[in-house]
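Only one chain is included here, represented as structure tokens and corresponding to the form predicted alone.
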Amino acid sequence: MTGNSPAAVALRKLAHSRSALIGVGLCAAFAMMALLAPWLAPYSYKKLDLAHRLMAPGQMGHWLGTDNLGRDLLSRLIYGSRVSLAVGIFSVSISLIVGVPLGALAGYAGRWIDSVIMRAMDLLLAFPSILLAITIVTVLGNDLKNAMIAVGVVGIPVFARITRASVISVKELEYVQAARTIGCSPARILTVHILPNCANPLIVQATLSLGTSVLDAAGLSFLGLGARPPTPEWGTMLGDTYRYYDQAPWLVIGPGLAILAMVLGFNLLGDGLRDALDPKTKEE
């Protein structure tokens, strides 16, 4: 990677963006927390201790207190980072795997194929995202896996539309026409010549969608349509303990701040990547 290559320039832009560095730091912190959860958590996330339920932070070695069943809140928050990261990655992967091929086919083929695919995407976009996700989970069943599938399906139209727009802007460029002239197949033209040059907006959208997926999955779990106890999912933790807010506000503040920090980290990183990958943005 040379000093003037696009990747090197993008990395330098990213390194000079304070907000992007904050996003990288937050995302890296949650990733390390998820990887090292067995060593960082002081207790098992599912260990019950009814004799010490609703303990205030700092008492008897429970740095963030205990919940309504006596489980250590800090341990559950640490293990919850694993669940939230898995939700984000799995859901965005579904959106990418389905949305990118559909958008590429629509943009490259055009005509009636484009119309059929885009009208299907418009139909999905016509529903409020959380309502569509609730409907999908209700049909498939209430568990975390189905919640991830639902969040992934909701994100498909966004990736399809971004890919379609990028393919349309690239497919008539000179190097693509040259590939057609020498007899390259449409599949090779799409996969080798067009899609790699559409990667930048997809990378940015995927990063931003990670935060959106975490938030949507937490919302579903809060409504009882996602993770089931004793899974330490932050939305489920909020849904199980919000009724104790008056006597134990730390039960709500902890998971709420964790969701806020993770979503903020992905959003700041996505904004930084958008500026770094934009060739029109000058280096500072």
Partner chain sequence: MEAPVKQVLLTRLGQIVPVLFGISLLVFLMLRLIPGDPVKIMLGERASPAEVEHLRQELGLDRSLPVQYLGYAGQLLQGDLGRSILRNTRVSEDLGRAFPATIELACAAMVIAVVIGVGLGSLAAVKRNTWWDSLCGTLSLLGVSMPIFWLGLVLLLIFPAGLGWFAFSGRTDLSFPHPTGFYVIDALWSGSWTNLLDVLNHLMLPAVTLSTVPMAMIARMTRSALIDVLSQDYIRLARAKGLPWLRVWWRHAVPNAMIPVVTVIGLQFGYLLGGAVLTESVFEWPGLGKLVVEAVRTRDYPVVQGGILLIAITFCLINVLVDLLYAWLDPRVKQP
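Numbering follows the first chain given and starts at 1. Bear in mind the structure is a predicted one, so any value in this text is a computation, not a measurement.
Keep in mind that the form predicted in complex with its partner chain is missing from the display, and what follows is about it.
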Going by heavy atoms within 4.5 Å, which of 48-56, 66-74, 31-39, 221-229 lines up against its partner chain in the predicted complex? 221-229
Is the gap between residue 199 and its partner chain in the predicted complex 4.5 Å or less for some heavy atom pair? no
Whether residue 15 contacts its partner chain in the predicted complex should be assessed with a 4.5 Å heavy atom distance threshold; does it? no
Find out whether any non-hydrogen atom of residue 130 is located within 4.5 angstroms of its partner chain in the predicted complex, and reply yes or no. yes
Wondering, does residue 168 line up within 4.5 Å of its partner chain in the predicted complex on heavy atoms? no
Counting only heavy atoms and a 4.5 Å cut-off, does its partner chain in the predicted complex sit next to every one of 89, 96 and 101? no
Have a look at 134, 113, 184, 149 for me and say which one sits with a heavy atom within 4.5 Å of its partner chain in the predicted complex. 134
Are there residues in 252-275 with a heavy atom within 4.5 Å of its partner chain in the predicted complex, and which are they, in order? 252, 253, 256, 257, 259, 260, 263, 264, 267, 268, 271
